[in-house]
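Take a look at this single chain, the form predicted on its own, given in structure tokens.
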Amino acid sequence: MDVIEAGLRGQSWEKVRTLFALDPDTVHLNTGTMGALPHRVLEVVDQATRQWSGSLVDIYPPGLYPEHRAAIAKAYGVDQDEMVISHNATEGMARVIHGLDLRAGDEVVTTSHECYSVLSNLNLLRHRHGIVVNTITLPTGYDVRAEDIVESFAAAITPRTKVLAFAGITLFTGTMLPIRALCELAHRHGLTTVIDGALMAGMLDCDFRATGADFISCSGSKFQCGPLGTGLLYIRNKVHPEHNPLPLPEFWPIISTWYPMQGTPPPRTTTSVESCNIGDFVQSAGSASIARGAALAAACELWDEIGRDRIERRIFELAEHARSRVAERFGTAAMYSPGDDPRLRSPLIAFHPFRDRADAWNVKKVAAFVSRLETEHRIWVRWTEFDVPGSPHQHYAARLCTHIFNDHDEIDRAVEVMGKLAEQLS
């Protein structure tokens, strides 16, 4: 392992693949659900668990992960006070949504293509506090343009809108939303931006601050390939006008053991200099899994060694190969993921595999297709469900996604198998 890991930025992708604990008989095309763990990450989980099991050392200070947060924050273009190691993207989104200062009648603009955990938390606020959730249905298909999406959001904003909440990359169709354009739209209207970035971390060589967002909640176990039960939460804690000129939004750090028991925390800054470490307030939640935090940091460190820019290029190069193969085999009309506009492409590709278009709303057939790929061919993808503008039915699609441990040959084989299986089921 040490020989392979020496000088990772210069290693071949074949060598990089050996860093992962992959089943050699399985084609893993479902990182959008869970990534593959590197051997190094597994070792850190085990070592740190053994180190802290039954330890007489004070477990609370390490549970704030100060060094890990600082290193991870740097990789994502922000500072330690703006980074939280969470349990997953769902928890991060819940803590943000319930920490916003929303009152009865305030509106949140979001989409029907959000993760269930996002929509359920917004619905909870609707029932509890009387907010209004204005939900738009994103356009789907190969020829969708970024301007179409921005226009849909712009048309939904009213004088009562307070928040734009959207996925950086949708889990259902793999559409990469025009994040910066949507954040600039929010800036013009004085709105808070909340991004479900579950699929961004580890995929994109991403500067969170440069997106202009106020909050981004990410998974640590998908493209970042950390252990299950880890996530990253970015909370804007400084004002950099070139990225986001708005004042910091009022935010209540719920589930915090460091929030003052009396008095108030320091006032939030109006400049680029930290005045209150909001990351510490959110991170402090009693005892924490020191092993999982250390393992996530190890995964991020591995990404830095390979090169985040190099990783992004590889993921998207494989995605373009997969997209072209799917288009050749099934046709662009079968694809729900954007293809014509490179600004909206991601490595998650959703498509309708069957000849009869009516089968697009036959959940049993799509589920059987995915199940048989796994049980009969050891190809791991998933099916997704989502609304389509103008359709009276919810649509179901097969979805594959590429990561750095994939290669061209297994993508070719997988698409060929998918084509033959779809013919059998059609």
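Residue numbers here begin at 1 and follow the sequence given. Keep in mind that this is a model prediction, so the values were computed, not measured.
What follows is about the form predicted together with a small molecule, which we do not show.
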>> How about residue 211 - does it come within 4.5 Å of the small molecule in the predicted bound form, if we only consider non-hydrogen atoms?
In response: no
>> Contact with the small molecule in the predicted bound form for residue 90, defined as at least one heavy atom pair within 4.5 Å: yes or no?
In response: yes
> Any of the heavy atoms of residue 288 lying within 4.5 Å of the small molecule in the predicted bound form?
Replying inline: no
> Given that the partner is absent here, does residue 203 sit within 4.5 Å of the small molecule in the predicted bound form, heavy atoms only?
Replying inline: no
> Looking at 328 to 336, 111 to 119, 258 to 266, 315 to 323, which lies within 4.5 angstroms of the small molecule in the predicted bound form, counting heavy atoms?
Replying inline: 111 to 119
> Only one of 96, 349, 198, 296 has a non-hydrogen atom within 4.5 angstroms of the small molecule in the predicted bound form; which is it?
Replying inline: 198
> Considering the small molecule in the predicted bound form, which of 164, 83, 171, 179 comes within 4.5 Å of it through any heavy atom?
Replying inline: 171
